[in-house]
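Taking the form predicted alone, here's one chain by itself in structure tokens.
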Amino acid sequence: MNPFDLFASVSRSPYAHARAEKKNDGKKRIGYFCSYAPEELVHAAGAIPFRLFGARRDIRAADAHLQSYCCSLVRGGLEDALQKELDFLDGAVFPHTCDSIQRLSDIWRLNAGFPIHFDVVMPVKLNTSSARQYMIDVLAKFRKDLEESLQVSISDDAIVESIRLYNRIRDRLEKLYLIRSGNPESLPPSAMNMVMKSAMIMDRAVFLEALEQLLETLSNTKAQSGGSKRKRILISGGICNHPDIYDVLAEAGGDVVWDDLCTGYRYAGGRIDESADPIEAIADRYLTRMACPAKHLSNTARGEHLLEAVREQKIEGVVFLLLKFCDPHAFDYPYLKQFLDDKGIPNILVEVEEQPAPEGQLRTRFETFVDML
């Protein structure tokens, strides 16, 4: 199977992939909902971190435990757990992020039926004098919790090896982003979504090998000459579990050449110092990479970061893709929109739930937006 077919298969059927692979490798799978989950430590413990994206079907059982105004990521993840769709997981880790995820942690622990459960309560303000030491202490505790729950010993050498692996993955992912930005025709519209989703699901060493194969096949692609009339689009938001959105945008004349997503470029952002104390180095990445709206780096950090991406990637329009009832990103949106409006950068807001909006409706909105550009 060629790399792109592999990524397409994994992203479309993540649970089936995980079940099949677990039979082969026997490794534990630890679920997580947020990019602040310390994956390097989970990997160093011999387990595979598995990103949960929520159900793409009607949600019923979870509504007995959660209010209807919780986002579909939270409700959908619990739905899949209650319906035994996540039977391949051995447990889950819940970083301190939004209110809904924090409440889900208790509900999950009491009702999902998994033997392993972790809470990782990281600092919210990342720019205080005490934030770094607090982050280090939290990660050190998580290391001990992993050792006790998985009955393993996690050495510094094992963590450094995981750091090296993740640094290589992030380097290659950034290279792939740059290739697609330079030549959008080098990959199908939804390719980056499929690759990024696979990066959070597959055995990381296996993923890296497939990613490097994909990059090798793309190594001879040439950047566009600049004569294309297609519009360069950036998607900003939390998660994107709807790759069809990329295809509909492409049909409307817009190429998604960059993103600012938790399940996109933000996941690949930041490197970890391989020569420093490994726990401190992981903490430093969380403190210095671009924060999501559930964390505070500065009053203008996210707006400035978005404008920088727009400038560097020659973006012509921004699509805000927001999960309905996602409070952090909803609060963030007006401030980010103002940043773009002040610079005259066209933008549009699209809300999504577990089921995408009707394709015809999306197509009409995207065609209008692209025509405006």
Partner chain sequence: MADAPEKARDPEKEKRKIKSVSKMKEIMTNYYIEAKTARDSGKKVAWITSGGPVEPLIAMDVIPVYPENHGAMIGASKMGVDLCEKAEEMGYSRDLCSYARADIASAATNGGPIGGLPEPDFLVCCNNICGTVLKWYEVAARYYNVPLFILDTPFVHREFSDAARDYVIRQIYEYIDFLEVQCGKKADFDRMQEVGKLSVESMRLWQAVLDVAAHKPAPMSAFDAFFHLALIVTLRGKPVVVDYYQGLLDEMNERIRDGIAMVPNEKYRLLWDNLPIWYKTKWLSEKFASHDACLVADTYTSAWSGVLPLIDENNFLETMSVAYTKIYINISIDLMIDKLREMIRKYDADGLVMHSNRSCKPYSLGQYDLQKMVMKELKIPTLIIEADMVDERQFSESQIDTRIDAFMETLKS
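Positions refer to the first chain, counted from 1. As the structure is a computational prediction, the values presented were derived from the model and not from experiment.
There is another form of this protein, the form predicted together with its partner chain, and it is not shown here; the text below is about that form.
Engineer: Using a 4.5 Å heavy atom cut-off, which stretch among 271-279, 177-185, 125-133, 201-209 contacts its partner chain in the predicted bound form?
Structural biologist: That would be 125-133.
Engineer: Ok, A294, V248, A81, I159: which has a heavy atom sitting within 4.5 Å of its partner chain in the predicted bound form?
Structural biologist: Selected residue: A294.
Engineer: I need to confirm a contact call. Of T288, S155, Q102, S228, which residue comes within 4.5 Å of its partner chain in the predicted bound form, counting heavy atoms only?
Structural biologist: Checked against the cut-off, the match is Q102.
Engineer: Is there a heavy atom of A191 lying 4.5 Å or less from a heavy atom of its partner chain in the predicted bound form?
Structural biologist: Although its partner chain is absent here, A191 would stay clear of it in the predicted bound form, with no heavy atoms inside 4.5 Å.
Engineer: Are any of the heavy atoms in P328 no more than 4.5 Å from a heavy atom of its partner chain in the predicted bound form?
Structural biologist: So P328 counts as contacting its partner chain.
Engineer: Hey, in the predicted bound form, does R29 get a heavy atom within 4.5 angstroms of its partner chain?
Structural biologist: Close contact is absent here: in the predicted bound form, R29 is far from its partner chain, nothing within 4.5 Å, heavy atoms only.
Engineer: Is S219 a contact residue for its partner chain in the predicted bound form, using a 4.5 Å heavy atom cut-off?
Structural biologist: S219 lies outside the contact set for its partner chain.
Engineer: Could you tell me if all three of H96, N299 and Y333 have a heavy atom no more than 4.5 Å from its partner chain in the predicted bound form?
Structural biologist: Every listed residue reaches its partner chain in the predicted bound form, so yes.
Engineer: Between 157-174 and its partner chain in the predicted bound form, list the residues on our side with a heavy atom within 4.5 Å.
Structural biologist: Stretch hits: zero.
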